[in-house]
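Listed next as structure tokens is one chain, alone, in the form predicted on its own.
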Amino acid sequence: MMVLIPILLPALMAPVIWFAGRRSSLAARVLLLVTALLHAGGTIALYRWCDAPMEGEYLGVDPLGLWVVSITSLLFLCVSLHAFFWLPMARKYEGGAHGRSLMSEHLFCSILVCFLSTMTLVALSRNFGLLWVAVEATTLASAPLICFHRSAGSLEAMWKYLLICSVGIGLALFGTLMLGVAIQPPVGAEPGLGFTVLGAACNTVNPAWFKAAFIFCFAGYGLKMGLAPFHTWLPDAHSEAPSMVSVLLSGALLNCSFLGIVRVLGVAPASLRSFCNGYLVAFGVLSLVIAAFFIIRQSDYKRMLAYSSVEHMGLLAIFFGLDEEVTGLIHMGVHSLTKMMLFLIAGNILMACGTRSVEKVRGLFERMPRTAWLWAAGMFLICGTPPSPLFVTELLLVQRAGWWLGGTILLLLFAVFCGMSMIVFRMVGGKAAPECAVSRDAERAAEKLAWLPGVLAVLLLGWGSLLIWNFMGRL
């Protein structure tokens, strides 16, 4: 089956990368890039099977799953390309300069492709049982990547991530079992937890059982998604993980986790949809409040980006809670690309300056002008400042939400913008002190790595300009 190729290919390449990379780190990086290219090709081939899920099977392709796996594949391809140049520099400037022992490249690359395989399995699952297994597998595959720097802080963040997400996965398992009880197929129909089977039987749902099942699934997958107040693992994991892992956690894994909630919504009867939507809107607004509060008082620029992810996952929940799925999916894709740009730049700054502290990073315009311009541009893009594509999606959300909810969202978005702009302007402005850099060579190396974020910035600005042009044409 064609659908198996993007799932099995990365998993089969993991041992190949492991054994080849033990002899040559260059071989590990080349094979990582080759895997990303092959996975992207397999994802493109899946478009032929879109709108034709395989009934009665555990795997299949539908537009929603294909959108998520396409975002994941694109992010992984960019991450692999960045890793090809970044890994040798990181070993020299982040490892050697601080006397730290980093994770070996062949181990890191082999775990990365396993992570890709599990996220692809989430997106292409057509059964709630398999979906749960796949989400749990993403936790096990991604946790070791947080320990790339092999520090006490990264080890603590990994265990916090494992423990908290395991609690969430346990809640999701309980909700999945309750979902099977809530929706009973008609007499003579094939039982099971398949999306098609439960979707066809949603008119025979037990309302009380389904409400309980949705609450548990929402809490379980919402914890993995980073919705407040289930977000506590997210800032620690992002602050300790290398930039490429943060890209995949924020831009791909959170989307996969949200997909679990959307799949439950897909089998909800019309009479209970308002109940489910109410939870999405309420916890979406709560996520905006938490993100705005912690961003304003943030002293770690990577944690700032983590709370920005909490904000945008909250917006994504509100989109679906207001039945604006198409706009929400566009927002999902733009957020993933923009957050990839920002995390890659943050990783470059960390390599050059050797610190995540906002107070210790000054004068980026003076020392690393390309990085500084992209850092500032990324901040405006992620905050929805025109011509960011997020300007259009967030404007549509505020219009759809009405006066009270729309005004609250707008106020919270403005608070996030103020908090992020104060942090970014402090970092890029002022006069740089000599102790603000690992070495001048590290700064030059970081500047060389700015090309990929630069390409992403141009693409996002072009996409945003096109969306705004079309939006203005409809007024």
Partner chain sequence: MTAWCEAVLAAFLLTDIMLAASSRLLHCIRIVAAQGLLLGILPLVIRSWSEVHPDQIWISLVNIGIKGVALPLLLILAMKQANVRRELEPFVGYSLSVVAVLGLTGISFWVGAQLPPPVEAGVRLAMPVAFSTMLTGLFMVMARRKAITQAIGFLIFENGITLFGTGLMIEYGLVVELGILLDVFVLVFVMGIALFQINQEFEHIDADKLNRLGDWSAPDEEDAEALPTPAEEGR
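None of these values were measured; they are calculated from a predicted model. Residue numbers count along the first chain shown, from 1.
One more form of this protein should be noted, the form predicted together with its partner chain, which is absent from this view; the next part is about it.
Novice: Which one of 195, 258, 391, 216 is close to its partner chain in the predicted bound form, taking close to mean a heavy atom within 4.5 Å?
Specialist: Going through each option in turn, the one that passes is 216.
Novice: Could you spot which one of 171, 78, 329, 285 gets a heavy atom to within 4.5 Å of its partner chain in the predicted bound form?
Specialist: Partner contact (heavy atom, 4.5 Å) among the options: 171.
Novice: Spell out, yes or no, whether the shortest heavy atom distance between residue 91 and its partner chain in the predicted bound form is within 4.5 Å.
Specialist: Residue 91: no contact with its partner chain in the predicted bound form.
Novice: Given that the partner is absent here, does residue 294 sit within 4.5 Å of its partner chain in the predicted bound form, heavy atoms only?
Specialist: Contact with its partner chain, yes.
Novice: Looking at the partner-bound form in the predicted bound form, is residue 152 within 4.5 Å of its partner chain by any heavy atom?
Specialist: Close contact exists here: in the predicted bound form, residue 152 approaches its partner chain to within 4.5 Å, heavy atoms only.
Novice: Heavy atom to heavy atom, is residue 311 within 4.5 Å of its partner chain in the predicted bound form?
Specialist: Residue 311 lies outside the contact set for its partner chain.
Novice: Go through 369-377, 274-282, 207-215, 67-75 and give me the stretch that gets within 4.5 Å of its partner chain in the predicted bound form, heavy atoms only.
Specialist: Within 4.5 Å of the partner lies stretch 207-215.
Novice: Each of 136, 181 and 240 near its partner chain in the predicted bound form, meaning some heavy atom within 4.5 Å?
Specialist: Yes.
Novice: Which residues, if any, of 287-308 lie within 4.5 Å of its partner chain in the predicted bound form when only heavy atoms count?
Specialist: In sequence order, 293, 294, 297, 298, 299, 300, 303, 307 come within 4.5 Å of the partner.
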